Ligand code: BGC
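The data below hold one chain only, encoded as structure tokens and taken in the form predicted alone.
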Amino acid sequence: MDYKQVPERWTTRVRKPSRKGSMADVPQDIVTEIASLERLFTVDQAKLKEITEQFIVELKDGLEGNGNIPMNPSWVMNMPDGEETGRFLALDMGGTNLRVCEIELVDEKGEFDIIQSKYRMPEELKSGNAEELWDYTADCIEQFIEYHHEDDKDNLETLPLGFTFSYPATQEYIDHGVLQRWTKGWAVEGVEGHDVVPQLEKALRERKLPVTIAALVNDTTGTLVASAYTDTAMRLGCIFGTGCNGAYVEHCGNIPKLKHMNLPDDMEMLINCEYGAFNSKGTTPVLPKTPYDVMIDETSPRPGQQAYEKMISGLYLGEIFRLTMLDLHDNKKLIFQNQDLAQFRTPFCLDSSFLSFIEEDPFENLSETQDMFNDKFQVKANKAELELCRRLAELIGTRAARLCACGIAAICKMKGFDSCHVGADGSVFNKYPHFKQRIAKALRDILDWTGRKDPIVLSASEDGSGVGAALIAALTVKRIKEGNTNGIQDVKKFGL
């Protein structure tokens, strides 16, 4: 089957700063309910510290090979020093798009040049078969090379490729990954339970493309590596988007589940935590779940799992808001009286952008929020109801940010980091109003900072799934040359 690869352009809308709310003329029953919601969703300093201590316990359990947090070794065994050079490819396969990048690591320390093309993944491909998927992927890479190397493609040296594969995979080597299960609505036959690397390599060989898959990359690990390339103080990489995750550098001597490999204790290993599973079923419960969090978990495809993620990630924030609003309408009879909320009853009809929109409404009378409720849900909201909606959005967004800080603080405390930089990426971190500042405030609460300058600083990361993947390919080649072939399945293909 032939598919046409069409590069896509995209833009970002910048909104006005959000306004302060006014509770004047709000009826007392609404004021009382807002106070109740504040008690329900607020996570105080003592609770943050309790969560952080339990987080450390579960991180260590994961390194032992026990518990819910996987703490997956990524087989990225060295960090960039900014001196890496060469030309590398990156392939980023997400749920909607496929992106091919070429990154030139130049002589200037920490600098790089990048060219990239983005292709839409055809919907029919997502329910097709493995051959169609990898043929299309290889066709995109071939088109990219032909377009950007029209004059020298016949003399092009083999390009090592970092492949960001954003689906759950078991990875025993850096150039290996067995797909556990498709997510994001995909159902391609013949891939689950198989190593995706040789499947793609076969399609590349059939086209005689000068490309070798050097590394299968997790986007969070890529975020850390890309950020560390330009900032040597970077110690953690985090994703706060549809899901949540963290990555950091551990010493092999602190990873008991790898003891059988007899790796040197001081050898570095980047750990892909997958800590959205924190405090899931079977652990000491510390997360401050509301009745709405419980409802989300109980009706989810995997009850009792990914407990942390279900309270903080962008996929769930809108659903927490929706369930709360329905409770206030259906059971407490406080809002939208005598109105039909049929359009509001579809699970997950709201995402985090809905809450962002409310928080960013710049008008004192919340007219933009009022228009959105009317246009999207055919609900007419009065001033008091709008103020309640605004405050609820703030509470849910603030709780998410404060809980996010616990994972960062736990890794920093476990590793003894008194100061460091944290590279963060994801739609919630980048687009949700005040999210970064709220995390910073929570870190101050957890770690008892009193100075004017925060010693642990979050910043927007470099492109983890593009630049990070290419850098991991570069680091893999670098360590092979240095004689470290641990965690590499097929050394011969590199031709070194």
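The term rigid core refers to the maximal set of C-alpha atoms that superpose within 1.5 Å between the two forms. Keep in mind that this is a model prediction, so the values were computed, not measured. For every residue, the number given is its place in the sequence shown, counted from 1.
Not pictured, yet referred to below: the form predicted together with this ligand.
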Non-hydrogen atom within 4.5 Å of this ligand in the predicted bound form for each of 166, 239 and 243: yes
Heavy atom within 4.5 Å of this ligand in the predicted bound form - the one residue of 297, 309, 201, 319 that qualifies: 309
This ligand: the contacting residue among 361, 385, 175, 219 in the predicted bound form [heavy atom, 4.5 Å]: 219
Candidate stretches 258-266, 387-395, 76-84, 179-187 - the one whose heavy atoms come within 4.5 Å of this ligand in the predicted bound form: 179-187
Contact of residue 274 with this ligand in the predicted bound form (heavy atom, 4.5 Å): yes
Large Cα shift (2 Å or above) at residue 169 between the shown form and the other one, core-fitted: yes
Exceeds or equals 2 Å, Cα of residue 267 between the shown form and the other one, core fit: no
Post core alignment: residue 94 C-alpha displaced by 2 Å or more between the shown form and the other one: yes
